[in-house]
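Quick heads-up: it's one chain on its own, the form predicted on its own, in structure tokens.
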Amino acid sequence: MNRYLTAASAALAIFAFTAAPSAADTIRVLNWQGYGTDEDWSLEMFEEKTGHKVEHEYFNSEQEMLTKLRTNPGTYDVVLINSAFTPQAAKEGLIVPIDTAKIPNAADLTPEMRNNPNLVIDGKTYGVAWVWGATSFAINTEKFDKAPETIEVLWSGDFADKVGWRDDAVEAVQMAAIALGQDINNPSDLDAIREKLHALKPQIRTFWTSENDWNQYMSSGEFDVAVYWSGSASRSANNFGLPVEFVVPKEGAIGWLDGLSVPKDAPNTDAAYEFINWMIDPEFYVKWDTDVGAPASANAKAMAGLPEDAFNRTVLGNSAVTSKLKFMGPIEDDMREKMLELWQETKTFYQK
């Protein structure tokens, strides 16, 4: 057994013991479905260690997540928020500052993740860095002799009618912005982006909206290359045996960081802190990534606990790769609206 995990387990046992006097209760977590926090084995381990049961409610977009927080005060104890949206949630008073001294594993977060300016605002922590990754594209290795080096492969005539694209306005605009060398959070030339996206028309096989969709399209041979998420690509290869390789091209890729926050008027703040501590614990993360597949952990010790050949160590642990990531940040409302309008117009163009 990994020596570090043995030590981590012992430490967690101590933490669980000290937490045991707190009354057992049920906490409510708001997240994407199937995204780490709702793994059955993990919830069983957490309940055994702390006495707390966990229930989930799900959202399908960041905007839906914000709406749920606005309209259901006092309902949720923990919420998953992409760091690009954390400042907005904090500004609206939907989430509250977190006392990280009550979350022991937070000490092992890498400084750049722990102190991300979208999570730490005016010196107060509104989100505990959890996992991070990249949005780029993955290839069907049976269709390539070697991995392409450029994002322009998505526009290559060699793969007409074989490109998978996610139906998401911001992501679509940001992918085109990377291809054109523009700022992904505040692109300077939307007309050029529109033209670039229009040029995708002969390429698109279909749009996908979920990881399950993507796996089905890839397994049936409909995709040769498709926009995808790094952690999902790892799951597609490891869990489903698909011939998939994730690529970060020379132009770069979209980087993202997800944090765990505590909503205003959370009914069970102490239990929420215990749950966040478990989510960033190496014992949880190593099993999640090894058995299921996960994004990269913001916890340095958790990453170090992975096997040396693990995707998140060989790819996202490579500084030459991560230096090319362009991280998502807050997007002004008027720019977001322009992105939405541009994407809707582009999809209409595709249908002509």
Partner chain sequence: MAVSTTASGGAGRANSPTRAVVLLTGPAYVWLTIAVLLPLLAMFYFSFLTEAPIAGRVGELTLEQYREFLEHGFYTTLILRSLKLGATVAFFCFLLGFPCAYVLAKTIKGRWREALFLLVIIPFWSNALVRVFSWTMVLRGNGLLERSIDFVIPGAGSLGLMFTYPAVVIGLVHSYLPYMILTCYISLQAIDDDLIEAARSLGAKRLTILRRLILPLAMPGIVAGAVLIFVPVIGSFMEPRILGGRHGTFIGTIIEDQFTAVFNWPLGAALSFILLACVLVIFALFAPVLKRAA
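Model, not experiment: these values are computed from the prediction. Residue numbers count along the first chain shown, from 1.
Absent from the display: the form predicted together with the partner chain. The rest refers to it.
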item: Candidate spot 61, 207 and 222, all three touching the partner chain in the model of the complex (heavy atom, 4.5 Å); value: yes
item: 4.5 Å heavy atom contact, residue 143 to the partner chain in the model of the complex; value: no
item: 4.5 angstroms heavy atom contact with the partner chain in the model of the complex for residue 155; value: no
item: Residue 167, heavy atom within 4.5 angstroms of the partner chain in the model of the complex; value: yes
item: Residue 70, heavy atom within 4.5 angstroms of the partner chain in the model of the complex; value: yes
item: In the model of the complex, the one of 201, 250, 102, 124 near the partner chain [non-hydrogen atom within 4.5 angstroms]; value: 201
item: Contacts with the partner chain in the model of the complex, stretch 333-352 (heavy atom within 4.5 Å); value: 340, 341, 344, 345, 347, 348, 350, 351, 352
